[in-house]
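The chain below stands alone and is given in structure tokens; this is the form predicted alone.
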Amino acid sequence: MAETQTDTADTAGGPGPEFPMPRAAGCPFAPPPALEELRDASPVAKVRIWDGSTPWFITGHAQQRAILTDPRLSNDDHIGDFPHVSAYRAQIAPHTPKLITNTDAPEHTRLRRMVNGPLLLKRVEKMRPAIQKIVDDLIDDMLAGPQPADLLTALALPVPSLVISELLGVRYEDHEFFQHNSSTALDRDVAPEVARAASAALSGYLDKLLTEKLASPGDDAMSEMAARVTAGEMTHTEAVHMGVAMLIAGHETTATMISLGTLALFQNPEQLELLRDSDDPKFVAGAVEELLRYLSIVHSGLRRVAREDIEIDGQLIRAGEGVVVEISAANWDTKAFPGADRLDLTRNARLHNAFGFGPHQCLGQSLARVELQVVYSTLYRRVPTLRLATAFDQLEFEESGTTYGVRSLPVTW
């Protein structure tokens, strides 16, 4: 406690505590205690990251909403002391083409327009019946199989993998290949050359697929990008890298939410009962927002850099200094969400920052919401006796990737 307070006190000009911070044993859903202490003491502070640099660290909900909409804050990882998430990401930054993840307007606006068509809410809603069938079929298979089952591999991973495969035009039979390489490429703890090989494998796979779609287009997102390449609206390389980004983001985060969300509901049976007994789509949609707030699975922070001096909350962030926006601290900020440490599915949690905020807010959030609404409104009603098949303290949690979740979730019924 004393060390944390000392670190917090000198964060404005000193090195600050190290980030990421360890979570408390036995409290897997809460942000690390040191993170919450830092937010309450100084929502705009500094931390030390893996390479010894000391970016600014934004943890307050109001401060995050202010800075993520400030045009002086940039996504361009070629500028100044951009706080890369790992050694591998720092190595590849000079060689990465312009994507929606490393550009600002107007380039970011142009690239986002190239790929957002299939992810618009209206088109995603048309996929709801197909998503429902995927979920029902997978639950049928799980119920017909042995007990206990691993919910992660039986349902949580296959649902978003099947959906993003259908949306992109990727062959689902290749799911083990892209799931393995996606998790490896995002793992902060693997050697840079291992992450580079995994990323190259994914790029090669999407390059080949795009070439196929150029020759023989279908009714999918890769074919739409192929048409834009043919029209000269985006380059072949941009389309390949956007395909990789959509493939990774399209299954990793939602799979984590399904499994970790189920575990959180097991630990809060009265909330599980509310969800299981409700047939109100509005309640289910609100429950998904509260679970997104409560779990905040993207735990490595949004990485930015200041293009110009920015004064916020009494602190001056100078041009060229790095900024890390830590989502879970804001989503548990009691100034925005009273009783934030309590999972309350009746809460209005719509203003959470789980998908980021501002012009770089998650492109696939509508798809993720529909997938989660279908899973959460189906699984517990169809399998009302679903429960954990192992002791809670035997579960292993994944902390090295971009998302925080369980490595497996044994369930029985």
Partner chain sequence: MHVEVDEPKCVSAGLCVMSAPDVFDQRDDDGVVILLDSDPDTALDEEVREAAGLCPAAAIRLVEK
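Because the structure is a prediction, the values reported are computed rather than measured. Numbering follows the first chain given and starts at 1.
The form predicted together with its partner chain is left out here; the points below concern that form.
For the chain shown alone, residue 383 is not a contact residue for its partner chain in the predicted bound form, no non-hydrogen atom being within 4.5 angstroms. With a 4.5 Å cutoff on heavy atoms, residue 369 counts as touching its partner chain in the predicted bound form. Not displayed here, its partner chain is approached by residue 350 to within 4.5 Å at the level of heavy atoms in the predicted bound form. In the predicted bound form, at least one heavy atom of residue 357 sits within 4.5 Å of its partner chain.
Checking 23 to 31, 375 to 383, 49 to 57, 62 to 70 against its partner chain in the predicted bound form, the stretch whose residues place heavy atoms within 4.5 Å of it is 62 to 70.
When you look in the predicted bound form, the only residue of 121, 231, 191, 143 with a non-hydrogen atom within 4.5 Å of its partner chain is 121. Scanning 269, 117, 338, 97 against its partner chain in the predicted bound form with a 4.5 Å heavy atom cut-off leaves one residue, 117.
Proximity to its partner chain in the predicted bound form holds for none of 86, 89 and 400, with the criterion being a heavy atom within 4.5 Å.
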